[in-house]
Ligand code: ADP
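The chain below stands alone and is given in structure tokens; this is the form predicted on its own.
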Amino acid sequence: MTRLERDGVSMQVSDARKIWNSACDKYLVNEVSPLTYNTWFRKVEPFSPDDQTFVLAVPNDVTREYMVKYTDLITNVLVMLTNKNYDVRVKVYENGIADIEESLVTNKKNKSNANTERRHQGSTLNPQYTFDNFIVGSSNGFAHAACVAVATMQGSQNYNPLFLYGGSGLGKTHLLHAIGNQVLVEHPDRNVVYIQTEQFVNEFISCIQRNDYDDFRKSYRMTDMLLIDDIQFIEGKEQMQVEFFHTFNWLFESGKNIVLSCDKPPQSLATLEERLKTRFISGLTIDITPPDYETRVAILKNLADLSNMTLPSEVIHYIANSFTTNVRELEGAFKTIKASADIGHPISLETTKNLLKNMIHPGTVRPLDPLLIMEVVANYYSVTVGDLKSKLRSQDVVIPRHMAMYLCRTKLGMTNTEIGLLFGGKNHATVINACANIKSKLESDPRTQEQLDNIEERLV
């Protein structure tokens, strides 16, 4: 490595470390539990290989598995600190700084030969999400078949756009990544972009601040396939909707594929422009519902096979009957059992019931209080209590935050001011709006009522 290369690498590491230390000291230490922070966050060595990427280098796969769960939180914190929407990645570097330096030098050499107009290609696709490891059942079979058809270009124009909708943790994100990964396997020259709507919006806001829209438009309109996750986050953003409308039309009229995911059908996006709604439903719209019992069993068996574990049938059936809402719940329960097995505890039905009792019926362990409500809601939606208290505004956090506020109001009779203070100092108007939002959804959306029923069962 030349001196110039060493100097460049040193800056990429030291600058990233300053940002990371600030993120930890000002935000992250208060957003996660002390145990989580000291066990996992302190093992991170950050570096930034380019202006768009922030890498969290960790020493092993176990640390990576835990840190990946917090990438959305970290992304939002970095936006608040730097006003930049980094692509946050977690990677294993067993030899620490030596591996990091080698990676940075290699990245610099490759970057000089890269085509900058294709900087998005496969950049945020998770290679672990493929069609091969997606468990197909009655609840998602149609969606899976349509996604395979789009990825293999079989009748894909008839499915353009493809709009997938359903609750959190049902596999929508997995399918979007699987489409992108399959396309790049069969057509490595294609420009495939996967992006979460929140990141898409943040990039657009940055363009407004710079008064420079050309790069933003070019980077998305030159794609061969656009995969956008959680499109509901575009609601209420008028300028963003106008820009996306023109990008959508450009791609559609150019014969490029567009795949969207959402937590509700297009017609239920109340503040979405009508012209966007009509375009979203002009292709193929598919509802993904919670997995049935057989699919839940298949998912658990697949997780056990991938981990080289043997789960007794009674344990599988107990978990499948206890976690019925989404796949993330099943994965969380399995990881709890696996962690116990990894430290030498035998896997039995009795052990499983004891390990999962707080996740299934935490109310049997201690009386109902605000913290219990927050913990149960956070576990149900696969977020953290810190997320509920934070300023994060993504739908994955807003919906559980509103539900927890609603339950504190209806179950405990807390005042709006008390609830606001509990949830990180929110004002009473925010609490009023949250409770009204849940009440409205309960009257119009059966899925919200089902979620509330499931949560209340766990509070008994």
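We number the residues from 1 along the sequence you see. The shown structure was predicted, so the numbers you read here are calculated from the model rather than taken from an experiment.
Just so you know, the form predicted together with this ligand exists too; it's not on screen, but the next bit is about it.
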This ligand contact in the model of the complex: residue 386, any heavy atom under 4.5 Å: no
Heavy atom of residue 203 within 4.5 Å of this ligand in the model of the complex: no
Contact of residue 168 with this ligand in the model of the complex (heavy atom, 4.5 Å): yes
4.5 angstroms heavy atom contact with this ligand in the model of the complex for residue 331: yes
One residue of 299, 225, 284, 311 in contact with this ligand, assessed in the model of the complex (non-hydrogen atom, 4.5 angstroms): 299
Sole residue of 159, 129, 244, 323 within 4.5 Å of this ligand in the model of the complex, by heavy atom: 129
Heavy atom contact within 4.5 Å of this ligand in the model of the complex, the stretch among 213 to 221, 172 to 180, 233 to 241, 69 to 77: 172 to 180
Residues in 131 to 149 close to this ligand in the model of the complex, defined by a heavy atom within 4.5 Å, in order: 133, 134, 135, 140
